[in-house]
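Below, in C-alpha cells: the form predicted on its own, a single chain.
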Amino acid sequence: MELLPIFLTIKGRKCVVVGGGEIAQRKTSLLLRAGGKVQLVAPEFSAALEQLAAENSIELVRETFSPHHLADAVLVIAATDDLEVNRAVSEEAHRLDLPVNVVDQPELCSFIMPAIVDRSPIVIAISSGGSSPILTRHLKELNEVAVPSRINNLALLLRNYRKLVKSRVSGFSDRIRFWESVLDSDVPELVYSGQDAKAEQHLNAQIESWQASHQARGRGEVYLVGAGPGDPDLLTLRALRLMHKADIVLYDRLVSPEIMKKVRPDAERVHVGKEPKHHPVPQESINALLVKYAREGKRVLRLKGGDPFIFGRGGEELAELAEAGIPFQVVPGITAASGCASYCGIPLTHRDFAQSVRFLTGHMKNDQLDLDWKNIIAEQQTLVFYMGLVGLPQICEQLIKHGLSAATPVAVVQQGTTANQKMVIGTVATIAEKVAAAELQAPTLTIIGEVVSLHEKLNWYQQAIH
C-alpha cells in the first residue's frame, strides 16, 4: 500500500485552493461538501467560480500565489495550469507540513484526491494512487450501482442506537456480534425499501431478545471453507462473508497469500499447513485446536485450499466438531482439478475423449503408492492425481505396466490459477523427465487422458511449456 487511506476533518477550517478555473471550481465544491472554509487564490476567477464564491461566502484573493496565503490553513490544493506556481505551492506546503494536492502532478502531492461515492455518512473513497484516473472512475461507477441508495438511512439508524446497544449488550466482542446479527437480519432490507419505522421495530425487538437468545453465545462456531485453487476471484460470496466474520483463522499451506489478504485484518492467524514428510501440526492437533478455540467462544475459520471434502480431510474435522457439540458451517470451494484444468484449457470430460473423470491422491506412504492400478485404467476416462509430484515417475511406470498407452497425453500444472501457474505437457512415457527438467515446485496437479490434447486450442490463461 503506497498511500494511507484517511478521512480528514476540515469542517469550519481554512482550506486554500490556488487556481481560478474549472478544476479549482470542482475541488472547491468538494471541500464545501465536507464543510471546509475555503479561500481561493488567483489573479482572476471564472464567472462560474465567482458565482460559487458568492453563494457560499468564499473568500476570493485576487493575487498571485505567495507563501503567506497558507497561514493557518489545514489543507492546500494547487489547481492551476502553471507548473511553476503549482511547484511553489507544493514546496511551501511541504515546508509547513500541510497536506497538499497538486492536480495531475502526483509527484508534487502529499495526498491524492480520490473518486468518491457519497452516501453520507457512508463515504467510499477510491484511488489508484494517480496511476489511472479512468480506472478509478470506472470503479466509482461500479460502486455507485452496487451500493444501495438508502444505505445512508441505515447508517443513521445504527448510529442512533449505538448508545442504547452499548448499555444493553456488555462486552466489545458481544456488541460486534450483535451488530453483525443486525446486518444479517431483515433490518437493512426494510431500510432500503423505505420501511424505516418497521426496521426500527425489528431492531428494538432484536435488542430485547438478545440476552435471552444468546445465553449460549459463549460457545463459538467453526466455518470450514474451501479457498479454491489459488485465484481469489474464485472464492464464493459466502466464503468471503465468513472470512470477514472470523475471529481466528487456521489455514493450510495451499491457501495463497492473495486469498489470506481477504481475511478480516484483525483476525488471529494460525498456520497449520503440511508438506510432504513434514507435518509440524498433526491432524489430531488441528482437530483439537478447532474445538478449543470454539469453546472459547471464537468464530473459527478453517480455511483449506481447493475444496475441503476433496483430499482435504474436512470430514475428519467435522466429525470431531460434531462429537464435541460444536456448531459448524461448510462452504465448498472450487477444487484444484476443476480450477487448474479450466485455467489450462483442459476439459476434464469431453464427448469425444472422456466420459468420466477420476480423482486420485498421489501421496506416497513409505515411498510407495498403494492404488488399485488395474481398475484405475479405463477407456475414455480422465485421471487427476493430487499431490503427485514426488511420485510422478512411479505413477507413470505403474500406469504403463497395467495397460495404459505410453503415448497418453499428460499435463502437470504448478500452482494453477495463480500468477505462478506453469504447465508442462508430455506423455505418460516422457512427462516425468520433462517435469524434472522444468523444476516444477509443489503444489502440482497431474491430468492424464486424451482431453489434455485440447489444451492448445482452449488454453486462454497461459501458454504451455513443451
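Here the structure is a predicted model, which means the values were calculated and not measured. For every residue, the number given is its place in the sequence shown, counted from 1.
What comes next is about the form predicted in complex with a small molecule, which is not displayed.
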*asked:* Quick one: G306, G312 and T335 and the small molecule in the model of the complex, is every residue within 4.5 Å by at least one heavy atom?
replied: yes
*Given that the partner is absent here, state which listed stretch (53-61, 33-41, 393-401, 437-445) has heavy atoms within 4.5 Å of the small molecule in the model of the complex.*
437-445
_My question is simply whether Y343 lines the interface with the small molecule in the model of the complex - judged by any non-hydrogen atom within 4.5 Å._
no
*asked:* Can you tell me if M387 lies within 4.5 angstroms of the small molecule in the model of the complex, counting non-hydrogen atoms only?
replied: yes
*Though only this chain appears here, would V413 touch the small molecule in the model of the complex if you measure heavy atom gaps against 4.5 Å?*
yes
*asked:* Check L254 for me: does it contact the small molecule in the model of the complex (non-hydrogen atoms, 4.5 angstroms)?
replied: yes
